[in-house]
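Shown below, as structure tokens, is a lone chain in the form predicted on its own; questions about how it binds or moves come after it.
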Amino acid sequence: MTSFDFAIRTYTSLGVDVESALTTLARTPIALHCWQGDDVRGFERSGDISGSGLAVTGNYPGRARDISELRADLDAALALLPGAHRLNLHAIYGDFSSGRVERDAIGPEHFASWISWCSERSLGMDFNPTCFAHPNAASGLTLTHPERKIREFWIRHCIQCRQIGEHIGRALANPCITNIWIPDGMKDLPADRLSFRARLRDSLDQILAAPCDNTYNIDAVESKLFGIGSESYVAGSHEFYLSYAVQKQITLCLDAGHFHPTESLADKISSALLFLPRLLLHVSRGIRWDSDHVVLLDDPTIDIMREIVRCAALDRVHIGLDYFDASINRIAAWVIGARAARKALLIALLEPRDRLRTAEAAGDYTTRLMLHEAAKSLPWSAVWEEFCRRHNMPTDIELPEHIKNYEAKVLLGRK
């Protein structure tokens, strides 16, 4: 008997259909974030990310320097990742080979080559306005800026991005999620929080009022508790965006690194799903003040995936990664994080949910707790290895060799 045969027998005795779990695991897409590959630099060369609440640490060799290198690195990562995937692209990653374009003038033509690239690989694509690393964001304020002309610049940029998202979704016959995040906040105590948030609401209203076919473009808004340079106050807080998303019935983005370290993102999912059409998750790993460490197979990540599965909401919750680490091999960072997220999803799919719910419904919380503990040592790893085998992917133990080979042949040649 193989370890996988033993796993099937064990899970079957608990009422879990392993083959059904593997099918769902394979078809559930996880979005890879392009900015891990080049340390959030992009291709327009208009500015750095300092002052935006973001920071990338480390100088590991091999950063992608242009669009062809970034695509090669994404291909290298995808070659090691079983299951369905999407690409998550920021506006600064357009194809600007014909010359720099101001952000409020970008259009679908600047992303046509990305659409072709995704189409060739059967990938969906998501999109993000880039409201940082620009002279008009030098103050750390964009959609909340007191000056109307600066706000209008960023409003135009976000409107253009929604139209690009619609074009992407239509071209790929796969809806594109266009997610708005802004860094706007204060390093020290503000005197008038209400005015900033009133301007944010007005700016968002103008952005969403622009015509856009929501068959192909899905609007999302993303909150944050604090950032570097905005430690005391962020205009786009969780309370603001939750309220706004419910009012507008748009998608709410929950980033695992954007809350207090002791908060549970998983606990927010069921509540939000009762009032919103869908959720976007940016799976990350916060450590102290930094929200963007490489995702690992840890309890918070498993809890997130369990909650999605328990809510039967895989068709309403979109899973994406969001972190950036330049202290390690960047392809490895993608692969470690994406595999960890998918393993967490597998563990969730293999949970003996019916038994847990039966015990809970009967008020048998003793059995419920024992089942929770027993589930931790079930043979999910044998199922994961089988999943990798079926997709002709290396096992986790074999990954370092593949990563190091690509590093030696490609990354170390970049200066």
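Quick caveat: nothing in here was measured; it's all calculated off a predicted structure. For every residue, the number given is its place in the sequence shown, counted from 1.
Beyond the structure shown, there is the form predicted together with ligand RNT, which is absent from this document and is the topic of what follows.
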{"property": "Stretch in contact, per heavy atom within 4.5 angstroms of ligand RNT in the model of the complex, of 231-239, 169-177, 197-205, 317-325", "result": "317-325"}
{"property": "One residue of 339, 224, 86, 162 in contact with ligand RNT, assessed in the model of the complex (non-hydrogen atom, 4.5 angstroms)", "result": "224"}
{"property": "Residue among 154, 132, 111, 334 with a heavy atom within 4.5 Å of ligand RNT in the model of the complex", "result": "132"}
{"property": "Heavy atom of each of 216, 250 and 278 within 4.5 Å of ligand RNT in the model of the complex", "result": "no"}
{"property": "Residue 384, heavy atom within 4.5 angstroms of ligand RNT in the model of the complex", "result": "no"}
{"property": "Distance check, residue 73 to ligand RNT in the model of the complex, heavy atom within 4.5 Å", "result": "no"}
{"property": "Partner proximity in the model of the complex: residue 67 to ligand RNT, non-hydrogen atom cutoff 4.5 Å", "result": "no"}
{"property": "Touches ligand RNT in the model of the complex: residue 126 (any heavy atom, 4.5 Å)", "result": "no"}
{"property": "Interface residues of 66-103 toward ligand RNT, as seen in the model of the complex [heavy atoms, 4.5 Å]", "result": "90"}
